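The chain that follows stands alone, in the form predicted alone, written as structure tokens.
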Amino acid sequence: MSTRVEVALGPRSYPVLVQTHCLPQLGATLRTHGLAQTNAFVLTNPDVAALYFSTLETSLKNAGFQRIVRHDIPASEEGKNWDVFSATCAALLEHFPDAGASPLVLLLGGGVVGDLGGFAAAVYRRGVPFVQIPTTLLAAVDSSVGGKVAVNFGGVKNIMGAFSQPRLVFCDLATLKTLSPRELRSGTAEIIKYGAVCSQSLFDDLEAGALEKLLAQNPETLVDIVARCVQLKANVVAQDEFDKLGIRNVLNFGHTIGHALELSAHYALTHGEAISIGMAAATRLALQLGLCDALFQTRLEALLLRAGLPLSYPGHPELFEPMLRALQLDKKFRNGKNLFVLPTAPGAWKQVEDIPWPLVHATMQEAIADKPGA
């Protein structure tokens, strides 16, 4: 089972191929899509490489790639930093110093590999082509699509980066079989996000049982839900590729407080866990501002709990100050005014600027209080 989603960006358009058991066909697929390079730079991490690099390498060789260089980076979010980024750029220069032999960069892994590797490809020789090959649910439905590539720097998440679109996203959902249950649950946070603010039908389907089928990795459900999320993101990106019109902000639902918590907790939470807490917090803000009703809050929180995701990180009040510092460095904030994406109903949202800081502070404190609701 497979499907194809087009990210329509004029000359920067590209397809997202959502399939199962297709990694052996990667090389042939690259050729079919006009990628004629004979050198490849594969960025991955040791865990993913142990599982899939051999298959990928054989596929590339069968398609006529003559030189294939593998470069590993740490698997964790802590590794998405400037030092690892610099080492990756140094490896590109070391192995491919000749401009005439620039490689096709292949990003085999989750969001860390895709973000850091995409940024390296974007700046090496002012840009070399790259292909995203996501191996996590979170990367498949979100970070591999849209062209935002970045690293963390100076204690701020994704503050150094660029917009650079891949030439292709090649998603083999069979690779999700090797994810831990925690990582799989983490990926559902972004899926629930799309339903909550982009698609009522997706939200309803997840409530009706698609969420459990997804967690059980039912093949038809996986392909369907991943492709729907990719299409939703593609629609948003096509309208606001460079994040200048405010349309793309919808994708940040749950990320404002979520990113601050993720960073301040030193990644003790996965990205999806932090975003789940961020969505619950943003929905509390929306409820207090009269933008959504209590029924929506109940439905969203119930869905997050069914996914095995947290609504708070209790017992960590000491994180409030670090979270506040991280929040004030948020890229969306302007002139000291905060900016939040808040849900109004399933599949609908509103951007709200300058929410009173005492209300924001109270919401943050509730997310990390010794007792939930305290």
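Numbers follow the displayed sequence, beginning with 1. A quick note: this is a predicted structure, and the numbers were derived from the prediction, not measured.
What comes next is about the form predicted in complex with a small molecule, which does not appear here.
message = For the interface check, one of 317-325, 304-312, 45-53, 342-350 should have non-hydrogen atoms within 4.5 Å of the small molecule in the predicted complex; which one?
response = Of the options, only 45-53 has residues within 4.5 Å of the partner.
ask   = Hey, in the predicted complex, does G111 get a heavy atom within 4.5 angstroms of the small molecule?
value = Close contact exists here: in the predicted complex, G111 approaches the small molecule to within 4.5 Å, heavy atoms only.
query = T256 near the small molecule in the predicted complex, any heavy atom under 4.5 Å?
reply = Looking in the predicted complex, residue contacts with the small molecule do not include T256, since no heavy atom lies within 4.5 Å.
query = Would N158 show up as a contact with the small molecule in the predicted complex if we use heavy atoms at 4.5 Å?
reply = Output for N158 is yes: heavy atoms within 4.5 Å of the small molecule.
query = Any of the heavy atoms of T178 lying within 4.5 Å of the small molecule in the predicted complex?
reply = The answer is yes: T178 has a heavy atom within 4.5 Å of the small molecule.
ask   = Quick one: in the predicted complex, does every one of I191, R228 and Q231 get a heavy atom within 4.5 Å of the small molecule?
value = The answer is no; none of I191, R228 and Q231 reaches the small molecule.
key: Of T88, S199, N249, S143, the one that lies within 4.5 Å of the small molecule in the predicted complex (heavy atoms)   = It is S143 that has a heavy atom within 4.5 Å of the partner.
request  = Tell me, out of A139, L261, L106, V169, which residue has a non-hydrogen atom within 4.5 angstroms of the small molecule in the predicted complex.
outcome  = So the residue touching the small molecule in the predicted complex, by this definition, is A139.
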